[in-house]
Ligand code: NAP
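The chain below stands alone, shown as structure tokens; this is the form predicted alone.
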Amino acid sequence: MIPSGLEKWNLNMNHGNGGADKKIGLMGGTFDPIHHGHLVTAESVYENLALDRIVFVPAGDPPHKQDSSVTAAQHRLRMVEIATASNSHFFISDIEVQREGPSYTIDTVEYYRCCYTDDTDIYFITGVDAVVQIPQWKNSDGLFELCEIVAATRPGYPTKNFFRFRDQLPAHQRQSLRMLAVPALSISSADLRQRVSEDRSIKYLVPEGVEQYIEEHGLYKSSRSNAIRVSFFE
């Protein structure tokens, strides 16, 4: 069941009414769990690109998580809501959770492209490592046509694979791709899940409310009893 009563929940309820927004960022991911690295990245992109809002889009069935377990959507959605509640320009969309089948990025970007006017710029935010895998995604060529792709990286992080990938793209696609260095936070969701399973602290790595939620619901214990299986690849 999707959490109810969330004031900032359904940005997608506007259907075709983008309001005054002219620059929006879409930040997809499993957020399993969301952590300070995600939040710092979103805030850095928001500030550096002068966006009107950032929309967090938790995946429903992530096609790239082949042969792995992903925590049930209602938990991941709730943790994102807790983590972003205090930020007035952070919003949440449950569009990928509500959509049947695997959560393809192109489908989500197409949806938001239809919701906004042609003069609205859409930025899809992802990590620099994920960017080089875009050719394996569904309709990757179409993605470059619909939005600008922002590859977030930490200062000092090796970027040779990114530049090699970028240089192989056609000129019109290179124009839709940019790299942005954000403050260094070496945090990963996989490491956080491992820490919890080993009864190690995740304090200060995730927002306090998210830490409490994980504890209250017994998430990321070795049994993974709160997880669902996915077997898709994007």
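From 1 onward, residues are counted along the sequence shown. Take the two forms, find the largest set of C-alpha atoms that superpose within 1.5 Å, and that set is the rigid core. As the structure is a computational prediction, the values presented were derived from the model and not from experiment.
Beyond the structure shown, there is the form predicted together with the ligand, which is absent from this document and is the topic of what follows.
When the ligand is considered in the model of the complex, I125 lines it closely, a heavy atom lying within 4.5 Å.
Among heavy atoms of F31, some come within 4.5 Å of the ligand in the model of the complex. Using a 4.5 angstroms threshold between heavy atoms, D129 counts as touching the ligand in the model of the complex. Remark: Q175 does not count among the residues lining the ligand in the model of the complex, judged by a heavy atom distance of 4.5 Å or less. Three-residue candidate spot M79, V206 and H217; no residue lies within 4.5 angstroms of the ligand in the model of the complex by any non-hydrogen atom. Of the stretches 85 to 93, 158 to 166, 112 to 120, 135 to 143, only 135 to 143 has residues with a heavy atom within 4.5 Å of the ligand in the model of the complex.
If you take 144 to 167 and check each residue for a heavy atom within 4.5 Å of the ligand in the model of the complex, you get A152, R154, in sequence order.
Here L49 does not count as shifted, since its C-alpha moves by less than 2 Å between this form and the one not shown after the core is aligned.
Core-aligned CA deviation for A184 between this form and the one not shown: 2 Å or greater. A shift of at least 3 angstroms pushes the Cα atoms of A50 and P155 further from each other in the model of the complex than in the displayed structure. In the model of the complex, the CA atoms of S188 and R154 sit closer together than in the displayed form, by at least 3 angstroms.
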